[in-house]
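Only one chain is shown below, in C-alpha cells, and it's the form predicted alone.
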Amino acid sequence: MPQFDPSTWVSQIFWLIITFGVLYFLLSKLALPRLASILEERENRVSGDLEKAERLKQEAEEVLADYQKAIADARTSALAALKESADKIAATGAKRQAEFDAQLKEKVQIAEDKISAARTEALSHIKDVATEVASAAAGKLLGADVTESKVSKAVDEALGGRG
C-alpha cells in the first residue's frame, strides 16, 4: 500500500495541507455564511412566530374576557327583564284580584240587601198572615169574634217581637 510507504509521506502531507486549505477557504467563504444566514433567518422566523403567537394569545384572552362580560351583561339584563315581567304580572294579578274582590263584595252586599228586604217583607207578611190565621182559628175554636189587637199582640209575642 502506497500510503504506508514513508518515502511518499511528504507529498501526501503537502497535498493534505493544500486540500485542507482549499476546503477550509471554500467552507468559510461560501458554505458557512450561507448556513449562518439560513440559521439566522430560521431563528428570526421562529422568534417572529413566537411573538405573533403571544400577541394572538393576548388578543384571544381579550376576546374571551369581552365575550364573558357580554354573557354576564346579557344574563343580568335577562334576569332584570324577567324580574320586571314577574313584577308586572304580580301587579296585574293583584289589581285583578282587588277588582274581583270589589265586584264580589258589591254583589254580596246587593244579595244581602235583597235577602234582608225579602226577609223583612216575608216577616211583615207572616205577621199579617199569622194574625188572620190566628183570628180565624180562634174564632172557629172559641166560636166568638176575637179582636184583632189581641191577636196581633199574641202573634207579636209568639214571633218574639220581630214584627
Partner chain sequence: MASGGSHGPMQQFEVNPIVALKLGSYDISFTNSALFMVLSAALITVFLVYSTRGRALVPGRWQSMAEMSYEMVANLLRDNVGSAGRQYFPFVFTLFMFILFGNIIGLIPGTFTFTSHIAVTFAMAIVIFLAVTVIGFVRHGAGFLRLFFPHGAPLWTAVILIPIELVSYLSRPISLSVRLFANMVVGHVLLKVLGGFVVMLGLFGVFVLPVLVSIQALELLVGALQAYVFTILTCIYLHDAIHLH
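Residue numbers count along the first chain shown, from 1. Computed from a predicted model, the values in this text were never measured in an experiment.
What comes next is about the form predicted together with the partner chain, which is not displayed.
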Any non-hydrogen atom of residue 154 within 4.5 angstroms of the partner chain in the predicted bound form: no
Contact flag, residue 64 vs the partner chain in the predicted bound form, heavy atom cut 4.5 Å: no
Contact flag, residue 58 vs the partner chain in the predicted bound form, heavy atom cut 4.5 Å: no
Interface membership of residue 13, the partner chain in the predicted bound form, 4.5 Å heavy atom rule: yes
Contact assignment for the partner chain in the predicted bound form, among 137, 31, 122, 129, heavy atom within 4.5 Å: 31
Residue among 110, 117, 70, 39 with a heavy atom within 4.5 Å of the partner chain in the predicted bound form: 39
Within 4.5 Å of the partner chain in the predicted bound form: residues from 1-33 (heavy atom criterion): 1, 2, 3, 4, 7, 8, 9, 10, 11, 12, 13, 14, 15, 16, 19, 20, 23, 24, 26, 27, 28, 30, 31, 32
